[in-house]
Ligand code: G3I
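One chain is shown next in structure tokens, namely the form predicted on its own.
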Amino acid sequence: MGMKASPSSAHGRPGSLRRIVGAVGVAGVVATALMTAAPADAAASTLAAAAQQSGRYFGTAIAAGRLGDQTYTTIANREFDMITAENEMKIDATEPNRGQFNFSAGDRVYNWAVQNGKRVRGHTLAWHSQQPGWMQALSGSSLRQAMINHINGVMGHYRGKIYAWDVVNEAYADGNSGGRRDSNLQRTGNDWIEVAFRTARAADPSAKLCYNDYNIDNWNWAKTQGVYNMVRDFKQRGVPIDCVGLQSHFNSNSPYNSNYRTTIQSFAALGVDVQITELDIQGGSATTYANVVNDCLAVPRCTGITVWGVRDSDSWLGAGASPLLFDGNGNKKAAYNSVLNALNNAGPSPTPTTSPTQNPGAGQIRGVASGRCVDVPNATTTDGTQLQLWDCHSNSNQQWSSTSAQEIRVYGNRCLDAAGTGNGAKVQIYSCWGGDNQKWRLNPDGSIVGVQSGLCLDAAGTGNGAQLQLYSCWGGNNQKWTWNRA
């Protein structure tokens, strides 16, 4: 199969980018033929809104240094609902000196995103590239501990705030071996990836944990098979991994292949989500962009797409590669229209989240992230007792019912009650009295939102005894619930 281009390893600072040789032809002359109109009553006018119709997101990578560019931020705010920091959450940016963390640039991207109603993907925690000099100088057990400390430090800072983390990035080698890349992290021991994922799960149980790589798009390539075998092994042994990120930098050396859908389906069949994390297509083919989107839409567990940059002039490949959906002036390209139409032509997700309805009947409220149930500790009836997660059973302290007054009751006369309106306010049982702090909206996405606070019912962990609280809604699985009727 030969060596493939390695685009993502060039996601460095300006000036360190390696250009990819060759280009995919521009397909402007065929763009008109691709633009199959969506039904007028269903068509959304932005990428994010169109993706949301099938329960997916459509995101972009943001650079903090461009947040002062009004054209850039206008497009980003209008079109995208998931944000990845291009460089600002990488190792050299967040821990420039050992044990001294700096989140100023990362927080600037994060704050812009959440202030504009968007979720954030974290990128990236453990990677052979963009390590600060102090980390490059380490080896063996010292490097291993530094990796663990870095994951804990960064995830601790953003705990409960990040939708998904690229925990490990680009750990597999190009070429025909299907094996690991020879890196300083790999030389600490073959279990380093497993350790990174276990560390990440403990650091933030609510975040989805992803393995992210380039050139794993073609199902027939050895590198794809190597990553697939690792994920399958992790799932079989209970190593915490929730998703695989396909970077999908397509170019003449690593072109889109019709088996891309097979790749997505095969990873999804292992029980993980698939996210297209860094999409760009050299030459900007509208046909290829539509094919990529349709392949994702065909697989229920392909949960979202992120393009790596806003305009061609913002791309790590350079504007001349014409790889994105907007030109350097911010104008929509033919590829934009083909993507929007593909998203609009998709039906609802065939596997929507099973969620409460307004009157679901008595039963358990089960956390999506944990698989555990909302539980009154020790089956007490004492007002003010904070609720917890616990292994599901059929006893009365886990039997909840929703009323027409928007209450959620247990024991018939105790209500799910918010003891405040701010982040971290405890959720408890209390004698029902009709206050807005005892009223809840049960949403189709599985979230349960307090009427008084507007905050979500949130589990501060996934284990037995994890406490329930209010927290700003951000779409994490620790804020999603299913109602299991008795």
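Keep in mind that what you see is a predicted model, and the values were worked out from it rather than measured. Don't overthink the numbering: it's just position in the shown sequence, from 1.
Not pictured, yet referred to below: the form predicted in complex with this ligand.
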TODO: Would you mind fitting this ligand into the shown chain by superposing the local C-alphas on its pose in the model of the complex and telling me if the pocket reads open or blocked at 2.4 Å from backbone or C-beta atoms, 3 atoms or more being blocked?
DONE: blocked
Task: this ligand: the contacting residue among Tyr211, Tyr172, Tyr336, Trp127 in the model of the complex [heavy atom, 4.5 Å] - done: Trp127
- [ ] Go through Tyr163, Trp192, Trp308, Trp221 and name the one with a heavy atom inside 4.5 Å of this ligand in the model of the complex.
- [x] Trp308
Task: Region of this chain that lies against this ligand in the model of the complex, out of 81-89, 292-300, 108-116, 337-345 [heavy atom, 4.5 Å] - done: 81-89
- [ ] Find out whether any non-hydrogen atom of Trp316 is located within 4.5 angstroms of this ligand in the model of the complex, and reply yes or no.
- [x] yes
- [ ] Consider His123 of the chain shown here, and say whether it contacts this ligand in the model of the complex, taking contact as heavy atoms within 4.5 Å.
- [x] yes
TODO: Mark Glu278 yes when one of its heavy atoms lies within 4.5 Å of a heavy atom of this ligand in the model of the complex, and no otherwise.
DONE: yes
Task: is_contact(Gln247, this ligand) in the model of the complex, heavy atom dist at most 4.5 Å - done: yes
